[in-house]
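In the form predicted alone, a lone chain appears below as structure tokens.
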Amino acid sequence: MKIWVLLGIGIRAVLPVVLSVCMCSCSPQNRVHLDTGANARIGSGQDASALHIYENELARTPPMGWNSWNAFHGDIDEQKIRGIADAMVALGMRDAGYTYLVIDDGWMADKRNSEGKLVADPNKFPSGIKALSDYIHGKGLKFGLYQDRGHSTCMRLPGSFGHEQVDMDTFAAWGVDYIKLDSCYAEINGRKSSDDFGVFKECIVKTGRPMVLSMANYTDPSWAWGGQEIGHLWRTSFDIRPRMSSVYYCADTSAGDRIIHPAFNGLWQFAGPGHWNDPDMLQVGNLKTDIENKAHFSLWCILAAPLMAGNDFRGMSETARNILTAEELITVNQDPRGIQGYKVYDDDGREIYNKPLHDGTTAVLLLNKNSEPANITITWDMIGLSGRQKVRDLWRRKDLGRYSGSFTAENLPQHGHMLLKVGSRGKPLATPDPVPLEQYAVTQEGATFLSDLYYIWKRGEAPRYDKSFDGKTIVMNGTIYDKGFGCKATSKIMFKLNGYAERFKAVVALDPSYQGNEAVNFRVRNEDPIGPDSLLYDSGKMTKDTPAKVIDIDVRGIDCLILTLQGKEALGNWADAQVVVSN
């Protein structure tokens, strides 16, 4: 399937700094809230300058640094981390922009001290975290630390639930500059993700210390419930692995329609200075071949993804170092305009991404994912240009000349690619129009059928709009329904109610075409796809012989609603799924 994105959703003139639906640097009265109320929780009685720094001065470009997990997992200690800090300086990584050194899970003792504070594992870090932080800062680096918003970390060490302020105060006292906040076991916290992370924002601001908040929230979409007003970056994928299938999966969660409606063309409209989509840490240096390492780095650079290296710098090859420090690629990633690259062409694994830059030029990635060699052509009309244009190969650091109308990368092998800079300095080029709020959120009075809105997140296979999953008319118990969804278990679909709707109504049953014996549940949840506290409705077990059930529930104040068909392979229908706002 080919997509020509610029023809599909239009062109928009863009200011030098383009963000998503809200700009963290704009004044509160001018923001469009999507939303969590996090700012309301933070405002009164707190240091306005600390809030200003947190929202407007941190992570204005994607954070760059190193994280311990991909190289060591939990096998970390003081000697290794000091060695990494030394290598970051000696090998030029710091000077290339990799300034954050982040220690992931496994650093802490299995119990808090008598004052209820976190302490380092005395065997791994005998000098303590403050001494290590001072050492890292002494190298001209910034210090990052891992914690979990649940009662335990993923390695079952003490989490922050119930200790949020004391932990953030402790981090501030230790000189932490960057917090990676994980989500293991958070489903039993009794709070929505937006509320959970909002608590941490409030606690961080209260400390008065500027600390970047990286939200490792991969169970539900931070961009949908206002994550840009809480943290500085958020995960869009499950954990990345050292293989290209995983790299491409993580890239697609940010740049494709794997988890969001195809109309959005990825998550680019939700990213910008101060808040970034995070497809997880780099595996450069851990992959099998140089071409894989380069393809991975090229994708993360054009996607404006955080560049958090995950290989062992102490034994890094010169080739891996050259890839990670490729100056012209890093410049694309760190472009102050903050546009996340987006696809303008996708044909069976032959892909083209575009990232307009602040100086009037644009970065273009031509990538072949397939095993067969391919030619890939970018035409200037795909990226808002015409006539003869300058083309520069950023990996080779070489001007290729002027090309009229198009440029072709020839005979690209699997994972083969070219990252180009096209055009001349001048007025910044336009980007596609973002999807308007009214096309994916409830904004009007009366009844709104959810099948008239784009879903903003999904797990499992995409629903069929106004049809059964096998593409036929929705019929249940002899009644024909013109509106609704056909789904295949297990599916989870999120819609943005925007805190505006009052009632959710639907009729649910298995589709008559399904003749298996599976029993499924239709469930409606508030924002979070897991955890008992988010559950608003459960149909109980339903089989092909169970009569249709009518749902009519209160959804006042709910920002994001998730419809779940819980099972293995059964086909089910959400007929007449709608929300109602009183006139």
Ligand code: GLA
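On a predicted model such as this, the values are computed, not experimentally measured, just so you know. Just count from 1 along the sequence shown to find any residue number.
There is another form of this protein, the form predicted in complex with the ligand, and it is not shown here; the text below is about that form.
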Notebook entry, point to check: Does the ligand come within 4.5 Å of a heavy atom in each of D252, I302 and K343 in the model of the complex?
Noted result: no
Item checked: Of F171, F485, F270, Y146, the one that lies within 4.5 Å of the ligand in the model of the complex (heavy atoms) -> Y146
Next item on the list: Heavy atom within 4.5 Å of the ligand in the model of the complex: which of K180, K355, H232, H296 fits that? Just give me the one.
Entry: K180
Check: Since the chain is shown here on its own, which stretch among 509-517, 470-478, 452-460, 148-156 would lie within 4.5 Å of the ligand in the model of the complex, judged by heavy atoms?
Finding: 148-156
Check: Is there a heavy atom of Y218 lying 4.5 Å or less from a heavy atom of the ligand in the model of the complex?
Finding: yes
Notebook entry, point to check: So in the model of the complex, does Y537 come within 4.5 Å of the ligand, heavy atom to heavy atom?
Noted result: no
Margin query: Under a 4.5 Å heavy atom criterion, is E202 part of the interface with the ligand in the model of the complex?
Written below: no
Notebook entry, point to check: Just to confirm, E351 within 4.5 Å of the ligand in the model of the complex by heavy atoms?
Noted result: no
Notebook entry, point to check: Even though the chain is shown alone, can you say which residues of 103-118 have a heavy atom within 4.5 Å of the ligand in the model of the complex?
Noted result: D104, D105
